[in-house]
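You are given structure tokens for the same protein chain in two forms, set apart as structure 1 and structure 2.
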Structure 1
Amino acid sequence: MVSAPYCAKLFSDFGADVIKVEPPEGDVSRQWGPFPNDEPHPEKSGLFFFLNTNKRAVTIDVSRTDGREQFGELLRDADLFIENNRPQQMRDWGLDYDSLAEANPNLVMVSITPYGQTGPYSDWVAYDLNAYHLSAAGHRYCGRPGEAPLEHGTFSADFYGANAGAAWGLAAVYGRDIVGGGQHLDVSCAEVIASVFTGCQNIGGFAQDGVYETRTGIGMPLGAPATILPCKDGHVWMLALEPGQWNALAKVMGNPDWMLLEQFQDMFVRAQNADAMYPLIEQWTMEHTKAEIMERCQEAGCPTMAIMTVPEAAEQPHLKERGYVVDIEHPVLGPMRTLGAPFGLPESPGGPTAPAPLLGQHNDELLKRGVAN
């Protein structure tokens, strides 16, 4: 539902002509929601809307011979083909890279799967969280120390895999223009997560001397303050590790005597006394709102941040000013708010300008008439 569509969205939102190919019954994300008033409708899925802005769409049944012929016509002049099916399924359909490259030697094919195109798990059935936990990221990061690991936010592995696929898919197209010929990009979401999540302070240390970091729960164990604290109307991420940041926090809090002690200039000493220190800071945070804490700390030079709820983030003035929250008109949903481009390119600005397509909206325009779909 997510990895290939989001990868393609990164191209469509920056001007590429992207064709979304769905089965006749529609992409499964059309059934996923969320839906207005929680009423399922194939044209009202929030997930499908977000993942497919600026695309054209056709319906093709690639399990049928005539459908595969239609699909082959679309691929004949394509630069990129992005997919996230099991490798064996693509071979069964005759849509593996070797087969497609015979008709279009310049095709760059991006395959994004949980475990990659090779190896004993390559054809296992799996979702985003399967890939996430294969990487040991769940054991490393999610949950309290000594307790069972917890699942991570949904689709993290898919979104990270999609970003990797888009970056290196673009590189493969550029490389094709330099050295000639297409190629097959094999993106394993588990390996991407292993690189960007588990790799940090873990893989190298384990390879070198068998040591790796473990879960710490809320907060950082080595330096303090670096934790989540409650306040008047929610929570804040309290961070003040460097001496200047700590002194800025002390100033905002009215310079309590205990904060001015020389030993508390050291973040490691503060961490060793965190159990006694955090309740004292919490007494102050509970007297203020998270916006007050964030703004006063930032003004003083302490990088503390309010923990936003989803509704608060949707109305966040900083994101609006940067154009990251945009409004688009959809023919069935009406006016919709969605996220803009996650990368800023002033000379070629991107982002969604057209809504996700209706099911089969561009069949007549893109498919040969008289051929079943």
Structure 2
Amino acid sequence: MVSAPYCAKLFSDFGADVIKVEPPEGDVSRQWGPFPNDEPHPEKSGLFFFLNTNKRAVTIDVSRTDGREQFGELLRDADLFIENNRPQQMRDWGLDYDSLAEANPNLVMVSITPYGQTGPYSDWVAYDLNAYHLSAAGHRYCGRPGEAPLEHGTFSADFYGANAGAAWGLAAVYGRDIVGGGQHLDVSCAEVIASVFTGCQNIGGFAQDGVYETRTGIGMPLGAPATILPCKDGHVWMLALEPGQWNALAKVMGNPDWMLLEQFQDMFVRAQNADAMYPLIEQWTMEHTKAEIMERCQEAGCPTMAIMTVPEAAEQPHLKERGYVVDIEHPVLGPMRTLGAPFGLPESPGGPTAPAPLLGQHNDELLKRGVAN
């Protein structure tokens, strides 16, 4: 799946020796695609490729006693153990933290699950979608009123949980001597978003005043323009809130008379009159391409952006110049391309250099002979 693999990728892409442990039939994400020509193949999943660069891989059946022994061997000298199974499943396998810490008291175990290790939902069946929507992020911030709350078209909750697991997991390893050994970190993907995103922005006000808001489908309802508008060849994120930005937009649009009207003179009154204003701006955006709009607005000092498709984002000269997209050869897929490191460390550069491993590719070198699957 996504959460624990992406968390572990953050370590493997910055130099850690990460061993991916899969059941004999392979990680589920090997079946999830995308696949070349949409033809499923366990070694050709684009998702698996993206999430598992720079790792070695073994297959172990931890539901069997000999499998658990093999796994125990791998964990004996490990700094980190990252996993995203249901807590009850881990207990059933005897792979709960207390059991593992007996063999390796320095082990930092990072469990990343939709709802966490404790609480009434901890053993609920759940995927990314369920965790994301438990955080109220969609209900509050994405979608039109009366229509479904939306996620972002990706594994948002899994990525958030992975990110939190990586930061806290590395801190726990970094400060292990201070803390006095290993520990168990309990990450709930839903809780991370419900804390740092929806909680941050809303919980203080709701707790104090008992009122809360829901999605509007517009963008920023309190100030305007702050919305997505269509243009000649797609869409733009139209933003011109501060006076300088509004004036810059006026200049780019050729100073139309309506922009001088009183009901458009600050971002708050513009928001109240947004229904009248957005069509007027749209008349102009529909005559121009998103690249043109972004370039001219940015140049004038207005933060409007083009909504790039994924290919447009991937091909932008800016990212090419920064070397963000990297080419890697995969033994089955052939020449492949993926995204580089999420941040640049000039003294210790990271990022994918080796492809995702084949199923059980490193069994021989990592598992004792005779017991490997």
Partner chain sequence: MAAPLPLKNIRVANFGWVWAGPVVGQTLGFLGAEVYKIESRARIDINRTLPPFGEGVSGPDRSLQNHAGWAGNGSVSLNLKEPEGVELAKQLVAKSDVVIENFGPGAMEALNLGYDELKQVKPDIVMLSMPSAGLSGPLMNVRAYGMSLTSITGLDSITGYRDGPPIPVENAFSDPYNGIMGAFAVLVALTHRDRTGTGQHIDYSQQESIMQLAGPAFMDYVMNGRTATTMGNRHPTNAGAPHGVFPCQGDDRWISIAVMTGEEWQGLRAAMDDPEWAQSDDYASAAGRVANIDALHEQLAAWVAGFDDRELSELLQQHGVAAAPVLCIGDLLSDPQFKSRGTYVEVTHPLGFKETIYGSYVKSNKFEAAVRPGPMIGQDNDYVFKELLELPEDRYRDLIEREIIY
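Residue indices: 1-based, along structure 1. If you superpose the two forms and keep the largest set of C-alpha atoms that fall within 1.5 Å, you have the rigid core. Because the structure is a prediction, the values reported are computed rather than measured.
Note on provenance: structure 2 matches the form predicted together with its partner chain. For residue 262, a C-alpha deviation of 2 angstroms or more is recorded between structure 1 and structure 2 after rigid-core alignment. With the core held fixed between structure 1 and structure 2, residue 102 has its Cα displaced by under 2 Å.
Comparing the forms between structure 1 and structure 2, the C-alpha position of residue 177 differs by 2 angstroms or more, with the core used for superposition.
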